[in-house]
Ligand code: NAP
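Read the single chain below, which is given as structure tokens and is the form predicted alone.
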């Protein structure tokens, strides 16, 4: 898709809530520096307004949207075409309006792998793939964000994946879906007391716990059982330090919030909307300055 007009264009974030999002800080400078007349907006969308919001993306001046909690899975039936990766994941975080059709993509998966590599994990090959075959992973959550993470980790060859979710059936369902495509051992738990840590371990929080209240998806006694080379990644980026990250750092673990994932998944979405390479340095600088 190539942007070759001067009319005001629109793109935004669909979710509930959205006020906390840093996406406008990331995307607007990218549109501005490339001279694309687009405005990135926050579109607070309760579940009963989701269909109406998706229909609005078909307006001629709309490039598409990002999708966040809790709609990443719910939007799929409303789209015309789904990218094969997004279809396997069962979650869409980027919608592109092109030629009167709405296309659904998942840039979370690739964005997470790029973020992990940026933090020194895995090998990046010339074809752009990232290899995590030397690592094990503990994934917290089984919702839309977790689905993207799970498929990304499996695609990167993670040695062993354990999915921890308070509702065991949901974790089991995700594990079973993954096992249809990948050969790695995949386990599901609803109680961290039964966790058997395997080193080196990547712990990824794909839940919203810690976003609104000072709570952690992992108790300190669980963290204390992990080996010292474990890496803790919290997809939450606002607040920039959650209780999970604070506890992990106090215990001496390497840890990071979700800003790097936001950057990379946002850059991938920008390219899908515009057909142009994302100005990654500009986006990174804008995100860093604002935070």
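What you are looking at is a predicted structure, and each value in this text was computed from that prediction instead of being measured. Positions refer to the first chain, counted from 1.
Beyond the structure shown, there is the form predicted together with this ligand, which is absent from this document and is the topic of what follows.
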Point to revise | Contact stretch among 130 to 138, 206 to 214, 179 to 187, 117 to 125 - heavy atom within 4.5 Å of this ligand in the predicted bound form | key: 206 to 214
Review point. Would residue 104 count as touching this ligand in the predicted bound form under a 4.5 Å heavy atom rule?
Key: no
**Study point:** 4.5 Å heavy atom contact, residue 65 and this ligand in the predicted bound form
**Key:** no
Practice item. Give a yes/no on whether residue 27 approaches this ligand to within 4.5 Å in the predicted bound form, heavy atoms considered. Key: no
Review point. Would residue 265 count as a contact of this ligand in the predicted bound form, using a 4.5 angstroms cut-off between non-hydrogen atoms?
Key: yes
Study note, to complete from the structure: The listed residue (86, 75, 156, 142) that reaches within 4.5 Å of this ligand in the predicted bound form by any heavy atom is 142
Revision key, fill the gap. In the predicted bound form, the residue from 51, 58, 251, 69 with a non-hydrogen atom within 4.5 Å of this ligand is 69
**Study point:** in the predicted bound form: members of 150 to 176 within 4.5 Å of this ligand, any heavy atom
**Key:** 165, 166, 167, 170
